[in-house]
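Quick heads-up: it's one chain on its own, the form predicted on its own, in structure tokens.
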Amino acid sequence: MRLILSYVIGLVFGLGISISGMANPAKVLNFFDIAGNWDPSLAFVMGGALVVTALGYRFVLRRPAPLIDTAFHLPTRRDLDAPLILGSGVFGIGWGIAGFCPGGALPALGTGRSEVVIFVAAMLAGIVLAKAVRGALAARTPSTV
């Protein structure tokens, strides 16, 4: 059941990204082009997502547990650390250069366009590299236990 629900949720998300045009990198890049051919539609998509998320959290978190898990898994950290800031910066730079974020690139894979495949390959390579660097740094740091 969990696998089916995950598939349906991913399908709805992918359809939303595709219908809104956010799988089109030109549309996203035009949002960042404030001095040129600015397209504000991404702001409306983000605003709509924010409203749905805010309402959804208020409704869902009233439940004692999620439908397909025993507990909610919410972030507990509230501090800003170097990995968060650096990762956010790399994400933003990549989004601004390529016009893709992971949420828009995965549905766009269905188009078969080479730039999408290259972006997703680079994204996966970045994930592997980040895990390797984090592991190497953790191995070098002495344990405090």
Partner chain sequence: MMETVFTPLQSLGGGALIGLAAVLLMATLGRVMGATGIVTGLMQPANLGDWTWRAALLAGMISGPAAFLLLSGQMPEIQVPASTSMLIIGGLIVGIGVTFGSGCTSGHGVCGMARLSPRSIVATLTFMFTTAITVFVIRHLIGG
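Given the structure is predicted, the values throughout are model-derived calculations rather than measurements. Residue numbers count along the first chain shown, from 1.
Below, we refer to the form predicted in complex with its partner chain, which is not included among the displayed structures.
For residue 122, a non-hydrogen atom is located within 4.5 Å of its partner chain in the predicted complex, even though that partner is not displayed. Contact check for residue 15: a non-hydrogen atom falls within 4.5 Å of its partner chain in the predicted complex. In the predicted complex, its partner chain stays beyond 4.5 Å of every heavy atom belonging to residue 136.
Taking a 4.5 Å heavy atom cutoff to its partner chain in the predicted complex, the contacting residues in 17-32 are 17, 18, 19, 20, 23, 24, 25, 26, 27, 29, 30, 31, 32.
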